[in-house]
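Presented as structure tokens, the chain that follows is alone, the form predicted on its own.
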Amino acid sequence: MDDQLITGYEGQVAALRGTVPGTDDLRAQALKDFADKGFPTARTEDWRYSDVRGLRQQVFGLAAPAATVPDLPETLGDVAARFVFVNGRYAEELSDLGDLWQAVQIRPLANHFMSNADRVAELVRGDDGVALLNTALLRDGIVLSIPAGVEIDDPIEILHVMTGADAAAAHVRHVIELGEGAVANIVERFVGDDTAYWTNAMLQARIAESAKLTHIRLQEEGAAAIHTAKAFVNVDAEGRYVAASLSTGGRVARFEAHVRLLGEEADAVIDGVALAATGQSHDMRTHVSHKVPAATSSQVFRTIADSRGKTSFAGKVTVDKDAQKTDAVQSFKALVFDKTAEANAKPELEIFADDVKCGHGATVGELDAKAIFYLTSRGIDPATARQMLVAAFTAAALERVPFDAVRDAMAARIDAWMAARADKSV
């Protein structure tokens, strides 16, 4: 890898020493591994569809505090609390803890390790250059610990805002911990201006026995942004992880979900929608690892690519030899609106047990001309007909979002995206 990149990021790691107690050795090791591995390339199998050349062409500095207070979008319905991060830094004055602090332990990342230095070892390092750099440069984030039996009904919103951060990056790390039987709902949102910044976010969660975490993501970054994000989730017996994402922003965007089912009757639901306009690349990757018997997982992904847009999905399910009675299903469907659009699919099953029920399917096609004809023959104009078909196509990946206001907001963004190109010919 380019020595200038290594030198640049070495300087950033040096500047962050002591900012998060107990992490200096972790940073140093992550930086060393990053220098050895470098950023992924087109020859890196897990990154073959992601165009991250922009990361290899320059050093992204650490984003400075915003010069002015940014305008914030409205919350998507009622929320239990809102945590705002501006240019990767927690903005206490813009956040609202509501009454959440009465039931949940809330700490900024640095404060958490100040009193729990031995828990630094629990931070996920990752195994590629992007994750390793997040570990080396993590500076801020939120740690939420929901005690056993506590149920937080309304969503907890984590809003990431990037403004005036040209050629700069935010490396944020969140830690979510659910005690036995606890329930929490996280809505992560990513917005930004049109500067060429990089958001590099990681969230790790531990879901104890019979607990449930819902994790909704809306990625609406600026048009020139690079967005990389990963979720690492461990689920114990009878625990449940429900995830849904919508990706519309950024020049290059990638989200990965890595879920390990560690107890019997654990369950994972991972759904997503990606919409790629001209010049955009959206990449989604999942890896669900069934470690024990009688666990279940289900995935539904839908993507749409307009002219010179690209969407990609790689979904892997691994079933260990002792994970009998596994039930895992995966569905991916893509629409392309132009011959220059691109949709890639790579579903994988890696099964070492013999008493399982596993399946996957992947299709890529165009809007159904017969369906459009049927609708127009009943008085619906062609543009509206196409919007209706797209709404129906993506609905399967949104129907398991448990909050009406959030689900409606996601559907509205899909409608707005489609409205701008609904008059395209089939």
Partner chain sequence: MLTIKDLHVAVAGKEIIKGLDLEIRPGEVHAIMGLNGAGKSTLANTIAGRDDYEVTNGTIEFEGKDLLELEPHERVGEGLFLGFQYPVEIPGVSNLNFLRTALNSVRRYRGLEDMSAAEFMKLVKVKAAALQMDPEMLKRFVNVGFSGGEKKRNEMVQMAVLNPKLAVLDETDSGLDIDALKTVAEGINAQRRDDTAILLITHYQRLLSYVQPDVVHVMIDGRIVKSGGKELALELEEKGYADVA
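Numbering follows the first chain given and starts at 1. Just so it is clear, the model here is predicted, and its values are computed rather than measured.
Keep in mind the form predicted together with its partner chain is missing from the figure; the text below concerns it.
- If you check its partner chain in the model of the complex, you find a heavy atom from every one of K370, T376 and T384 within 4.5 Å.
- The contact with its partner chain in the model of the complex, taken as any heavy atom within 4.5 Å, belongs to M388 out of L26, V401, M388, A35.
- Taking a 4.5 Å heavy atom cutoff to its partner chain in the model of the complex, the contact residue among V69, A42, I380, A64 is I380.
- Picking from 388-396, 46-54, 26-34, 355-363 the stretch near its partner chain in the model of the complex, with a 4.5 Å limit on heavy atoms, gives 388-396.
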